[in-house]
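Next up is one chain by itself, shown in structure tokens, the form predicted on its own.
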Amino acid sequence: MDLLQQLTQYAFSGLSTGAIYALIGLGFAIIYNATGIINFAQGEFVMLGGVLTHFFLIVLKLPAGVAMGGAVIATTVIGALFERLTIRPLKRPTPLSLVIITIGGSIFIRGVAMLVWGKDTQSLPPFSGEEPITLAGATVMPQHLWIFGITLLVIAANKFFFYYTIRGKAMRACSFNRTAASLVGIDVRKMVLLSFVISSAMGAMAGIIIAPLTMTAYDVGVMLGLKGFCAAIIGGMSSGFGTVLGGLLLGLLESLGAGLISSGYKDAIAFIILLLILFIRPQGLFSKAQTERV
């Protein structure tokens, strides 16, 4: 395999992984824009999508479509309960207290998952076989194509919801100015709940489509969540294409670094990029400069 074929192979693999980071990052951005909260439990929603699908599919022997749909619904319910039981009861919370609560929620969900499903790594069957496909000299697994397709579908649905539906526009209004949104009759608390519902569903979907490639376990959400957070930071915590581009860029650099330098640096690359972004351009690479009138 020549250098061009190697680079093509790394690019396909990196973009596939980056699409997952983009989905997770969008979950971070949606909650942040609606509430100002950085939800460090987002990675656990990704984990729940994978382990619940395995439980429904392998243990309960449900059909694949029912198992995946049930996993998304169950994770969404958990996300809604997380908001109702941990975020909503707080009176005048500080940013630090919210961060601590989401980290505590992450640890709690991960601990319950370990007790229920154990520490063993679990795998899901690929959606459409394991016969590799050759594209532009690179070998691509069919699951990679599923990842690209589902990610594009979720992004399109996300765009339609936020720009062409009443509730989506209401959530965008809350992201700009919660006080003004409340004054014009928008129920801000419902919008906060809806942001957790959407982000947990997106996290579950990411966990389902990546599990056939990377397998799943009770602790996979930690690293995936942190890398999704990196994607959101690169995109300027935007719930639009900025975070998508951030995820794709992160996945691409991670894959090229692992292939050309060493796989041992794969996880370190994401955090090096995060630190560089925070030092050089803390508002993100793809965010527009904002001005504030006084």
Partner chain sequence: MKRSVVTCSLFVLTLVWFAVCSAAQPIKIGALFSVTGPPSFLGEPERNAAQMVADGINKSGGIKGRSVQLITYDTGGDATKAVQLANKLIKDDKVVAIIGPSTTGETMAVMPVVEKAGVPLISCAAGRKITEPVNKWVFKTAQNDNLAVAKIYEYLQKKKLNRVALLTVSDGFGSSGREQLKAQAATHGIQILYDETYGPKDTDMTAQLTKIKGIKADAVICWGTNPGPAVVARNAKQLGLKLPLFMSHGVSSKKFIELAGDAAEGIFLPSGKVIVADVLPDADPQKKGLMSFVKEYQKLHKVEGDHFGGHAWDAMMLLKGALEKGDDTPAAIAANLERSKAFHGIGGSFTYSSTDHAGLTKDAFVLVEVKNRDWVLVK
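Just so it is clear, the model here is predicted, and its values are computed rather than measured. Positions refer to the first chain, counted from 1.
This protein has a second form, the form predicted in complex with the partner chain, left out of what is shown; the following refers to that one.
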Practice task
Classify residue 238 as contacting or not contacting the partner chain in the model of the complex by the rule of any non-hydrogen atom within 4.5 angstroms, answering yes or no.
Solution key: no
Exercise for the section: Verify the contact flag for residue 65: yes if a non-hydrogen atom of it lies within 4.5 Å of a non-hydrogen atom of the partner chain in the model of the complex, no if not. Expected result: no
Exercise for the section: Would you please decide whether residue 255 lies within 4.5 angstroms of the partner chain in the model of the complex, comparing each non-hydrogen atom pair? Expected result: yes
Exercise for the section: Report yes if any heavy atom of residue 121 sits within 4.5 Å of a heavy atom of the partner chain in the model of the complex; otherwise report no. Expected result: yes
Problem - Contact residue in the model of the complex, from 141, 192, 154, 181 (heavy atom within 4.5 Å of the partner chain) - result: 141
Practice task
Go through 89, 111, 132, 95 and name the one with a heavy atom inside 4.5 Å of the partner chain in the model of the complex.
Solution key: 132
Handout entry: in the model of the complex, segment of 264-272, 230-238, 32-40, 66-74 with a heavy atom within 4.5 Å of the partner chain
Key = 264-272
Completion exercise
In sequence order, the residues of 191-221 that place a heavy atom within 4.5 Å of the partner chain in the model of the complex are 212, 213, 214, 215, 219
